[in-house]
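Shown here is one chain on its own, the form predicted alone, set out as structure tokens.
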Amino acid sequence: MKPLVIGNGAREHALAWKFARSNRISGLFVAPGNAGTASLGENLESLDIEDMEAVVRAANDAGVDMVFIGPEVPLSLGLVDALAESGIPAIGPRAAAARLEASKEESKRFMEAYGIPTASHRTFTHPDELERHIRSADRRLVVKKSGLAAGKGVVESEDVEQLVSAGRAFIREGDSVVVEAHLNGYEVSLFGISDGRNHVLLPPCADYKKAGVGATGPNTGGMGAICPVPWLTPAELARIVSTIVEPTYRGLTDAGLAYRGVLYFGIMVTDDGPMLLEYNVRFGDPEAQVVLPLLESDFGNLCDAVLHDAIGEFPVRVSTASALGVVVAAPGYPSSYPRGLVVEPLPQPHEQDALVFHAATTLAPDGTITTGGGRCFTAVGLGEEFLTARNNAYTAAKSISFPGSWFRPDIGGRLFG
């Protein structure tokens, strides 16, 4: 098997790392890749992954026999459809199914159609109507941009003016806005992998979205994650599966959306039961960095099972250990931040204790690594005990240094956001 991984983030580094450990792999490409993936396979650095024709040409030229798509934008643009037309198998949904993430408005309609519990909500395209709704509400609200927003299109606040301002800004950008009731509880990320007929579930994760300590500050793409979730009970997980996961897959079949790939369920566990916040049509970041190291099954074999409609019989094996990831970010993130910061020599941790995944880093000919994004690395600690994993993660995070680097010191606490 010779796969091509699409993307350049820490999620894609984790995917490439997982593929590289497979007994099935005879070659590995990553487009555009980063300094971390360069040591695992061949980076196609100049490839524009939002140019469908260019990706198809590159896949054919490289002789790959499978494409695994990491980020959401190429999926929403129809990369899987374009690859299929050229006879290249891909793991990821077609554009029609990718609307579950690309349009929160459409995903809410899907939830309603198939009886999947979610927060009460309304969709707006006119700013004055949106403002009247927000100002007249008798409960706390959440404002969400309907379209893709790289994890930063959600505004949660008790400040009505902030909600109105955010909603109006989203509409000015030409998007619709979903306004929904604020839910109290704790969040869980669950990932299903489907071949279009059957699916398997990976262990539940939880990510930490807020920039500040104690779930304060602005939303980010995610500042850390844990897997599994110690406080999620078996009974709660079973209820999530019966009320959210299974109805979703039945709905996909009923709607004629043969879903082949990873489906993320963003769930709020409330006193009234689990409620679905959103779908993503791919692995989350940083959740992928903590769930993939715990997957003991050969990843190449798993992907082969997806492509050959055999996931229902695939023996998914998962470690009993814990994993905790800490994102090391650039100064200023999630607002404006500099790029091109020189990274000091990275640690080489023992893989049984810790892993370091790159995001958008660049490797110079002299071996110098520079940053290229806001979230620059994910340090993942592993351990049979949760606290051991946490200690290993922070030891690794503290050893990653570049000007202004920072991370949240409270990943793994019960507070979320």
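The first residue of the sequence shown is number 1, and the count goes up from there. Owing to the predicted nature of the structure, the values given are computational and were not obtained by experimental measurement.
What comes next is about the form predicted together with a small molecule, which does not appear here.
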Considering non-hydrogen atoms and a 4.5 Å limit, does the small molecule approach A181 in the predicted bound form? yes
Answer for S103 alone: is it within 4.5 Å of the small molecule in the predicted bound form, judged on heavy atom distances? no
Test of understanding: in the predicted bound form, would A95 fall inside 4.5 Å of the small molecule by heavy atoms? no
State yes or no: in the predicted bound form, is some non-hydrogen atom of K144 no more than 4.5 angstroms from a non-hydrogen atom of the small molecule? yes
For the chain shown here without its partner, which stretch in 342 to 350, 324 to 332, 76 to 84, 203 to 211 has non-hydrogen atoms within 4.5 angstroms of the small molecule in the predicted bound form? 203 to 211
Considering non-hydrogen atoms and a 4.5 Å limit, which listed residue (E131, D298, E278, D175) is close to the small molecule in the predicted bound form? E278
As a check of understanding, the residue in L302, I193, A119, I116 with any heavy atom within 4.5 Å of the small molecule in the predicted bound form should be identified as A119
The small molecule is absent from this chain, but in the predicted bound form, do M66, I88 and D309 each have a non-hydrogen atom within 4.5 Å of it? no
